[in-house]
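Heads up, the chain below is alone and in the form predicted on its own; it's given as structure tokens.
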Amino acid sequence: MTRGFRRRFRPLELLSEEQCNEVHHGMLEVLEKTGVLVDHERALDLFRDKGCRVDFDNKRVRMPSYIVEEALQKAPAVFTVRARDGKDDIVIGGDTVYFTLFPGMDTVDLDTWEPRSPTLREHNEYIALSDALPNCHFLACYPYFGYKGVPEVLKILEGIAVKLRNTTMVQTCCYSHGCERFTVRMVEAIEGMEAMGATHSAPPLSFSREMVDTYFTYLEADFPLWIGGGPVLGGTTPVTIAGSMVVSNAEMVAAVVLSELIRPGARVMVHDYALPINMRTGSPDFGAIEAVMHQAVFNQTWRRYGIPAVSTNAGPVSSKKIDFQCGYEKAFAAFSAAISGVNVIQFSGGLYGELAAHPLQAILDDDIAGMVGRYLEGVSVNADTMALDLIEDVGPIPGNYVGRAHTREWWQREFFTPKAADRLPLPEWLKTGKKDCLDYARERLEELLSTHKPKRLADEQEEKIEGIMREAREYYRKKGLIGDSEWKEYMAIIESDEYPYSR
């Protein structure tokens, strides 16, 4: 079982009890009066049959508060997700906090800071690195959107295959063009394993046909759901944090209701990816303090519902480089999310938006995660840690504690030591090459990739995965979703030594 971190103190609360109630009742009013748009006939029938008011002409669903409250009560507060290896199972909920990767469409060139497509080797290495990092507890969607030469329609599936082959951790699977049907089969090809299915809403207050299909597919396979949205304050929600929270919660709660109607007792967790609009550029402001505050309020309201919450705002930043701005935007968002009661922080490796990610950033972020985790563990107060007998024995100056057995026993428990930070005294730093954190991260990347060997799939499992991938390739090729030039480039990779899985 993957331990994660345990929050050992009461979470930060930005809202009073009265304010929480106001947000909750506002959400109920939106669901009952305004409702949500659901572009899916089967779901509309289900909502109607369970007591919701359904306008089939406009595909609008309005939910009575009692149905909403019943659904929130059915969803489990804590649940387990099984990994490929039992030691990597995770338990979502309660006071446990896990860190996971944040996706980037591409990698980034460290000389020019321009995004570029990763190669298959780079994608494999990134997942292998994640398998080795102590504070990456499971894998979210992607982290790269495929690799160079893969047709767009197959990027998700090829990425899932890369993850299955290079880590034993729990992973999350996304969706596009019905690929979740192949995803479920690949995961089920590994006996005893399950994955989390990523599903979404479309702000404001809408669910597309493709989105709702994923709810049915993943829940009918008994996969837990990672439910997300992407509200933009001032764009797809009111500009105020309170107004945005009402809309965002209404979308997430509507998704929970749908999930519990499809499969009562369904395991779900919800994520907050709310960003304020930049009124000068019109783009989302990644790393903004308002996004951090929105997340803290989101965490507080969902603790009341007893449903696990995910922070996504700690992953993307506005910085395009691995620099000071990147560090403070990520660290502050991760720390705030952790102390305000979140269960999962999607964090490591991400740079600007979802456009880029890099393994060096993941190594640096792993140190941040370790520091945040150390803070969450709190301060232990007992006879051993107060050390009154030792204090009496050492006494005043010239006494000291450096060579004492208590110090040798306790310092590694009390102190977190980052792996890619410069903590040398200045004279030693000057003599040893003036290395910075990126230098140390490069060294750590080389070390981990050369020494850590992920547990590979069994031959039988590999054959099943590759067989499903061949079927998916032919399926999308016949549907006309892969062009001739794309197919030619893709087949060149599949038939090369870089891709050994088909042989």
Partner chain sequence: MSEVLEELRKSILEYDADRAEEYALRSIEEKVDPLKSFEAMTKAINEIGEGFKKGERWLPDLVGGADAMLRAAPIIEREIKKRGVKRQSLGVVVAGTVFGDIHSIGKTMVCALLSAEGFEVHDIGINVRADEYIRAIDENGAEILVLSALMTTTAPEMHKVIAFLVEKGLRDRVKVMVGGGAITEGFAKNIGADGYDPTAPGAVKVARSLVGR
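Positions refer to the first chain, counted from 1. As the structure is a prediction and not an experimental result, all values here were calculated from the model.
Form predicted in complex with the partner chain: not shown, discussed below.
- Look at 144-152, 96-104, 320-328, 362-370: in the predicted bound form, residues with non-hydrogen atoms within 4.5 angstroms of the partner chain sit in 144-152.
- Proximity of residue 395 to the partner chain in the predicted bound form: non-hydrogen atoms within 4.5 Å are absent; the residue sits far from the partner.
- Put simply, residue 278 is close to the partner chain in the predicted bound form: some heavy atom of it is within 4.5 Å.
- In the predicted bound form, residue 282 approaches the partner chain with a heavy atom inside 4.5 Å.
- In the predicted bound form, residue 236 approaches the partner chain with a heavy atom inside 4.5 Å.
- Distance criterion of 4.5 Å from any heavy atom to the partner chain in the predicted bound form singles out 202 from the list 221, 202, 421, 387.
- Only one of 406, 177, 185, 116 lies close to the partner chain in the predicted bound form, with a heavy atom inside 4.5 Å, and it is 177.
- Of all the residues from 204-236, those having a non-hydrogen atom no more than 4.5 Å from the partner chain in the predicted bound form are 211, 232, 236.
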